[in-house]
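The data below hold one chain only, encoded as structure tokens and taken in the form predicted on its own.
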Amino acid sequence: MPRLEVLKTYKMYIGGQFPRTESARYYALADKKGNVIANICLGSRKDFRNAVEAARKAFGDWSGKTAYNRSQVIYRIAEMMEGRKSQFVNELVLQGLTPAKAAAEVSQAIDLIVYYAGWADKYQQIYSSVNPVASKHFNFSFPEPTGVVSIIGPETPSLLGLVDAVIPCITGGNSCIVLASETQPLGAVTFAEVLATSDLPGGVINIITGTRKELLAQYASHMDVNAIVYYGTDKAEIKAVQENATLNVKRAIIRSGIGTPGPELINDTLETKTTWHPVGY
């Protein structure tokens, strides 16, 4: 009798742990030939609420770290990912990419993490200012993290898109909950294993697998989420995100896809704080 392969059931990543979905549901992930290659947790609204609690708990410590320390931690993620490069390539191939395209996407994802690690202690100089005022004050404006950010990640490219979504967000000191690609989730769940063995504190990045249809409204409406980043072009989804975001006036950032890397993506989830300091009194 031919041996039956033991399929891996990938778990979610919440608060630095790997829980199964509380709903006990999963979906079978198939390759282009229809062969089942893995079982993926079908995340629920309760899973998302748990992830928000974990992200809020992690936010204070992560945002309070020095910019240089955040840079070191993010660079360590790239180091860990480099060591598992072949696994990421193999999983992208399983999901339908050619070996060449898979290798290119993994390399770009690693390079993007290194790129933002370099920005972690530099974006403040770009977005800070000393403002002229007509009084005896110094007036300073400087960027601060928004808080907890929910992210609807792009379907493709699944791994590079995930990195493009979460790394600029945490570079600015935020914590986040990202919904992985439904059709190509393997890169996201393996990325979670990288995060768990890196220096990133648990809860800073939380990864949920599931469907946009079930979770999009929850991502946009949760009252303890301070901003939402949405990747996609579906007009109905964009409208739902923008309308639900008004419930607690959270910022809604709409991205049609992966753009040019830059500090602007960090600034999307930052808020500018202005401080007045009297002089000469």
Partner chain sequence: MAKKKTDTTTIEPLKFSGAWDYAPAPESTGHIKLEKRYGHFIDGKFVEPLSKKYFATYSPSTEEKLADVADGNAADVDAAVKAARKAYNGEWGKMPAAERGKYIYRIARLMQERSRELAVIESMDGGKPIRESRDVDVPLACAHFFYYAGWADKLDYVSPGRKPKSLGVAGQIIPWNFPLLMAAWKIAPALAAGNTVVLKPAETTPLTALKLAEIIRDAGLPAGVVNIVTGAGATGAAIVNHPGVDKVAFTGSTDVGKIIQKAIAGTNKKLTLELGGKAANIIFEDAALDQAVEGIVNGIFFNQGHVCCAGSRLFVQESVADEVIRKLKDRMQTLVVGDPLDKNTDIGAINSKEQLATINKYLKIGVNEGAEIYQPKCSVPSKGYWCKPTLFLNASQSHRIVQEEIFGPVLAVQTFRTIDEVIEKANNTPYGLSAGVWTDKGSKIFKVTQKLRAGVVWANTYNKFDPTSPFGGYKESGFGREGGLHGLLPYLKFD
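Keep in mind it's a predicted model, so treat the numbers as computed, not measured. Numbering follows the first chain given and starts at 1.
There is another form of the same protein, the form predicted together with its partner chain; it is not shown, and what comes next is about it.
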#### Entry: Partner-facing stretch of 25-33, 244-252, 210-218, 44-52, counted where any non-hydrogen atom is within 4.5 angstroms of its partner chain in the predicted bound form
244-252
### Query
Does residue 115 reach its partner chain in the predicted bound form, with heavy atoms at most 4.5 Å apart?
no
### Task
Mark residue 62 yes when one of its heavy atoms lies within 4.5 Å of a heavy atom of its partner chain in the predicted bound form, and no otherwise.
no
### Query
Wondering, does residue 8 line up within 4.5 Å of its partner chain in the predicted bound form on heavy atoms?
no
### Task
Classify residue 158 as contacting or not contacting its partner chain in the predicted bound form by the rule of any non-hydrogen atom within 4.5 angstroms, answering yes or no.
no
### in the predicted bound form, the one of 82, 121, 193, 144 near its partner chain [non-hydrogen atom within 4.5 angstroms]
144
### Query
Considering its partner chain in the predicted bound form, which of 131, 86, 183, 98 comes within 4.5 Å of it through any heavy atom?
131
### Query
Within 211-228, which residues come within 4.5 Å of its partner chain in the predicted bound form, counting heavy atoms only?
223, 226
